[in-house]
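Take a look at this one chain, the form predicted on its own, written out in structure tokens.
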Amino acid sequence: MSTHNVWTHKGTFLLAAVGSAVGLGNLWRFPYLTGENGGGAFILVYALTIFAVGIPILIAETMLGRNSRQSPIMGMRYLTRTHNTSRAWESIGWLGAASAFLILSFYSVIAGWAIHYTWQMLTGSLSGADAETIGAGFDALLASPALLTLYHTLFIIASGLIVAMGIHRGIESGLRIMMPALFVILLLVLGYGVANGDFGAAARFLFTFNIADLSLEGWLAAMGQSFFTLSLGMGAIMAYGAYMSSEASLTRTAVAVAFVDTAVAMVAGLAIFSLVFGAGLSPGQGPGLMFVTLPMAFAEMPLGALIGGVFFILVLGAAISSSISLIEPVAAFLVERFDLTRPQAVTTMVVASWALGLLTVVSFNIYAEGTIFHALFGRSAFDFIELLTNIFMPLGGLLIALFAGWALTHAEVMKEMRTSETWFSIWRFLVRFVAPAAVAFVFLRSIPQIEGYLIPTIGALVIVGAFAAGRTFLIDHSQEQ
């Protein structure tokens, strides 16, 4: 694979970035957070932080990818060399690759559950089932390592096959079919929810402006969501940016990605909660909403089995569009660094991540308790791996903002952004000061939730590491700036 491949169509990066951003979190986390934290008030805070944090870092990460035209790891190696900065900044690429690898390992397991429910819906197995039956079915799924491993394997193979086919025949062709189909399915489910559910209750839950319900935790959730929802700091955006046409506008594309990602989450929320409230059920967050509450709603509605099957195909498609973006950064690095063919690189990445995913599989059953992870960290292997990604991604995003804001010259940024001096000045101020401070605040605010000795250890490492890297960088560039 050439490291200078470019998407065939200028709009493909938008599809790729939206595909990476739109995942399971849009369908079960964002709508619930919105409803529980003041509705419109939460959306307002989210919109402000998307503008001040999400979009500036999205532009920065894309810019680093397009500037280097290489995988995140090799690209950061190239950029640190050409900008005479400390090689410590290469950690941006490694943090992104590590995040992608770890996330894929457990994301594939959870996304695999949708295979189970697609089959159950389309075969009518859940038609007329009561709450106890559906809840017991979900518990039985989690209790079966064999079933979880089967679905985990099928999902990760499907994702790997798309990436292994290449940038154009695989990822680009897949996204150009998959993303429009997902939007059509989402609108179909919304129409079904309006016709058969309680659309008014869903709209009130999501959009009633209630500032009293927006606590400090709600603010932090909105700020964190603005970062995590755009897939920042995990290498995907930088990897996709390396294939982005030089003519495509960074600013317009970043704004479009943020808008479409948010719109999908809102439409999904209206569709899902119309069904939930229409069936007289209580909204909840996380897997329970997707795999227990929604099947209960579909079981009670006309044509519920068919529409439920279509909905879980939507879930699968959204998950695959995200998972291929997790494979690409590491696969591209293996191709560039070790001269592997793309199928070899993808196979290496997928097999390793699949093997790590087995720890998540057994975290729900055989080793739910009493493992070395519980003894050392007070949590399951799955929870510990997820914790690591919640550290690596914000740290990577923080460093991306600082590097793009301070290392890239005015001429480089203007060449990439091709924008007015006013917007350039706003972007540079946001990416140098506001975005790093916001990401650091959300990140460090979450550390007290970590049990035991991990609190001082991780806190000290993060703070010392960030200050050391920043000090090295600012010394290197004090004269230039």
Ligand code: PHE
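In this text, the rigid core denotes the largest set of C-alpha atoms whose superposition between the two forms falls within 1.5 Å. Position 1 is the first residue in the sequence shown; the rest follow in order. What you see is a predicted model, and the numbers here were worked out from it, not measured in a lab.
Heads up, the form predicted together with ligand PHE isn't pictured, but that's what we're talking about next.
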is_contact(residue 62, ligand PHE) in the predicted complex, heavy atom dist at most 4.5 Å: no
Proximity of residue 384 to ligand PHE in the predicted complex, heavy atoms at 4.5 Å: no
Interface membership of residue 12, ligand PHE in the predicted complex, 4.5 Å heavy atom rule: no
Ligand PHE contact in the predicted complex: residue 21, any heavy atom under 4.5 Å: yes
Option from 302 to 310, 267 to 275, 193 to 201, 227 to 235 whose residues, in the predicted complex, bring a heavy atom within 4.5 Å of ligand PHE: 227 to 235
Of 392, 113, 298, 107, the one that lies within 4.5 Å of ligand PHE in the predicted complex (heavy atoms): 107
One residue of 293, 159, 363, 322 in contact with ligand PHE, assessed in the predicted complex (non-hydrogen atom, 4.5 angstroms): 322
Residues within 4.5 Å of ligand PHE in the predicted complex, restricted to 25 to 45 and counted by heavy atom: 25, 26
Did residue 316 shift 2 Å or more between this form and the one not shown, C-alpha, core superposed: no
Yes/no, residue 182 Cα shift of 2 Å or more between this form and the one not shown with rigid core fixed: yes
Threshold 2 Å Cα movement between this form and the one not shown for residue 65, core superposed: no
In the predicted complex, whether the C-alpha atoms of residue 389 and residue 31 sit closer or farther than here (change of 3 Å or more): closer
